[in-house]
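Just the one chain here, laid out as structure tokens, in the form predicted alone.
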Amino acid sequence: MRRVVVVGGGPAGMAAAKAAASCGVEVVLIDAAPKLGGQYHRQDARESGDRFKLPDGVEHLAESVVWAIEPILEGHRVHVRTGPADGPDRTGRAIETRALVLATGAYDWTPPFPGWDLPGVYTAGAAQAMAKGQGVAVGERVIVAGTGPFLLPVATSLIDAGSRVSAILEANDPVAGFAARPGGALAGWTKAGELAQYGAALARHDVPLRRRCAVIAALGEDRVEAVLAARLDEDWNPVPHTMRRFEVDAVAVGFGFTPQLESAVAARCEIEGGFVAVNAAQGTSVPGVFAAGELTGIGGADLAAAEGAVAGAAAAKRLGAKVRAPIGAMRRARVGRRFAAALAEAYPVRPGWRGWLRDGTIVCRCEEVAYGEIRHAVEDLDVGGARSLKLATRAGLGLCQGRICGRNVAELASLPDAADAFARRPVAVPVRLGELAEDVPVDEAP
């Protein structure tokens, strides 16, 4: 038996599983969600069935998390827990493989600002997940703010769930950004229809899109009651005398994505510029480990699926399967990367967001560490690394283990190991002590 293990059930993971299975190898697809699709194709949890079908030869482990990846003599042992995290009947399993595909996706990234820890402030992805997955509106009057094309489908999902979106505040001027890379913009021409659909939906509901604007503070006592927005200059510094107050009861904020690196770091993959380094076949620096999707660069669902198809074929080939070169997928991936480069040019993150903070602004929510404490540790205690900064301030030591605050803390402290400083976790997700001690079955590598 030849087995490929794929971690992640979004566009990249599904494409990898299908490509590997089509080459005649068995596949185990591990996904934390109850249904396939990831964030982009998130399905309504209230509906029965799964609209995505996997081919024969693919074992789908839904509601399953990889809590550790252990290097072994000829491959890796992937440690899995299956079942609801708060349920009594979670089961354990260890799966050995000589071909591992990582397609774990990314987290929402939101820079901190005064009041961002108030109830009613959501990441854009969380707001969309509640709207699409449960039909739940995060609020009656909502502001969507940040940067990137993801803000448009988020606003549309909120409207569909019953929210009144007061405005979309886009911190950049994407028209000027795309003009700097016209070739890259043309590479994404297939997205024009999707963009037109979002534009029409927002126009029907009279939702204005304000460029070079951002929420720089959320106001309220026990929850969000209003936000302060301002026009921004080219570095994202607020322009004087442009402040405006919006009365809202919820805010959806998204400034892009941060790759979910825990599994890649555990597998000892090389990280470059904050992403997993891969070759033309999506192979990482570790033999037998492949990566696809947002792990290798933020570029959207089409690029992720193309990379997944390449990775799945390469993983099957490593196991000795006869594989035709996935020329079409490789071509789509090249085109997708050109478009991704244009997106990065159109929607950069400027340094001025640091000026929105005050010393009392919470940066690490779990441990309630304020910006002033981080600044003091860097300027007065001469803290120079992630480990010493965690010990000095407690930032990143809470329940989320730096998933929410890690990038912000690293950037505010100018850490040299910022890319993966908060992704080095021997235990990637919460597990019970009893589960650690449990004797679980091991599916040995064939």
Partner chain sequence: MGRIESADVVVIGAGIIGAACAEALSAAGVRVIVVDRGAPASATTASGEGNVLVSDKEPGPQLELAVASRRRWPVLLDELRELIGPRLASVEWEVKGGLAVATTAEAVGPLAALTAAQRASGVEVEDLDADRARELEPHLTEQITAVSHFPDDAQLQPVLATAALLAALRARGGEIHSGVTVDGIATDRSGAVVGARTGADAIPCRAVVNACGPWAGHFSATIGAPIDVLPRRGMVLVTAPLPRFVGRKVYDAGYVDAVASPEADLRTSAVVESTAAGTVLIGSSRRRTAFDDDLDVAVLRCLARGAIGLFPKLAGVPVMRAYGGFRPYTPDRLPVIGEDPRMPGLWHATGHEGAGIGLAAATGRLLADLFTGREPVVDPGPFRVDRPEIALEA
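Take the two forms, find the largest set of C-alpha atoms that superpose within 1.5 Å, and that set is the rigid core. Numbering follows the first chain given and starts at 1. Worth saying up front: this structure is predicted, and the values here are computed from it rather than measured.
Heads up, the form predicted together with its partner chain isn't pictured, but that's what we're talking about next.
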> Looking in the model of the complex, is its partner chain within 4.5 angstroms of a heavy atom from every one of K18, E270 and G273?
Replying inline: no
> Are any of the heavy atoms in K132 no more than 4.5 Å from a heavy atom of its partner chain in the model of the complex?
Replying inline: no
>> Whether G398 contacts its partner chain in the model of the complex should be assessed with a 4.5 Å heavy atom distance threshold; does it?
In response: yes
> Is there a non-hydrogen atom of C23 within 4.5 angstroms of a non-hydrogen atom of its partner chain in the model of the complex?
Replying inline: no
> Counting only non-hydrogen atoms and a 4.5 angstroms cut-off, does I69 reach its partner chain in the model of the complex?
Replying inline: yes
> With both forms fit on the core, is the shift of the CA atom of D206 between this form and the one not shown 2 Å or larger?
Replying inline: no
> Superposing on the rigid core, is the CA of D235 displaced by 2 Å or more between this form and the one not shown?
Replying inline: no
>> After a rigid core superposition, would you say the CA of G87 moves by 2 angstroms or more between this form and the one not shown, or not?
In response: yes
